[in-house]
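The chain below stands alone, shown as structure tokens; this is the form predicted on its own.
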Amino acid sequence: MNIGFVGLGMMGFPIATRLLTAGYHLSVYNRTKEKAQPLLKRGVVWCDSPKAVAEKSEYVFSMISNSEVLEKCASGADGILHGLPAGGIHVDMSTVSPETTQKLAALYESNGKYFLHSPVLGSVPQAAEGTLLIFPGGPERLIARVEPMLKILGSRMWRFERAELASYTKLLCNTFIAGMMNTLAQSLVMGTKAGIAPSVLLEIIGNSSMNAPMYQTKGKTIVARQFTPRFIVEHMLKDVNLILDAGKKLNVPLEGTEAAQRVFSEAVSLGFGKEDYSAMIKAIERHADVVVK
């Protein structure tokens, strides 16, 4: 089967690689061709636009950085919509606004084509292993068509009847990530300032009902001062802003998320935007005049 993939970034590349390894014939597009070179050496077809990818594919997957870029890749002059055959499906796996996915689903259907939003929960290792948690949103008959491919990419799926419901679900999951990271960073900084070793605090949390894998993995990399990105600060800030926008539209107060947003925003302004999202702790350390290590 010929399928397309648009967006070969940190998450898109391992996802596309899994589809290729599973035996699908891939056509791809990325803003920078260099990132596609390892796939091209394995026989993947390069295309010069998202539209060109869609012209070769019944199904097109995408992993895009933000809502604006997704709209351009989907419905712009050289977008997927204009190349996809009648009845074809665009499966987007990005973290974007519910308004964007709702609009694209309606636009595609009015043109005799289909848009599913299928965001994922997990990072680079899970993408490479095929153990992502996946939230496909759209009519069940369409999800059933792409389910064999989604099963290659993830270990569990939760189906939603509309694209925007999948989008909200991903934002809710990222609300936990932002809040947990802010809580962990504040606690490690305050503990260090007070004279409590980070390793002791992490050990106590690890033996309590408060524990979570993220606290242990990110706690250890923070202490080791390792901020090689799996998910960068800039993208976490983008997602937090999407969460706050969604909360305003639904008239739901999100004070805790607003507090996290201020820290992520400051971390970006200090020049840590391209580091792992745990590097937001550096903004808190700066105020406390202490380094967790």
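None of these values were measured; they are calculated from a predicted model. Note that residue numbering begins at 1 and tracks the sequence as displayed.
Missing here is the form predicted in complex with a small molecule; even so, the following discussion is about that form.
Residue stretch of 52-60, 243-251, 30-38, 257-265 approaching the small molecule in the predicted bound form, non-hydrogen atom distance within 4.5 Å
Careful reading of the contacts points to 30-38.
Contacting member of Leu26, Ile64, Cys47, Leu237, with respect to the small molecule in the predicted bound form [4.5 Å, heavy atom]
After the contact test, the surviving option is Ile64.
Ok, Lys220, Lys193, Arg156, Lys72: which has a heavy atom sitting within 4.5 Å of the small molecule in the predicted bound form?
Comparing distances to the small molecule in the predicted bound form, the residue within 4.5 Å is Lys72.
Taking the shortest heavy atom distance, is Thr101 within 4.5 Å of the small molecule in the predicted bound form?
No, Thr101 stays farther than 4.5 Å from the small molecule in the predicted bound form.
Does any heavy atom of Met10 come within 4.5 Å of a heavy atom of the small molecule in the predicted bound form?
Close contact exists here: in the predicted bound form, Met10 approaches the small molecule to within 4.5 Å, heavy atoms only.
Considering non-hydrogen atoms and a 4.5 Å limit, does the small molecule approach Val120 in the predicted bound form?
Heavy-atom contact with the small molecule at 4.5 Å: present for Val120.
Wondering, does Thr95 line up within 4.5 Å of the small molecule in the predicted bound form on heavy atoms?
Within the cut-off, so yes.
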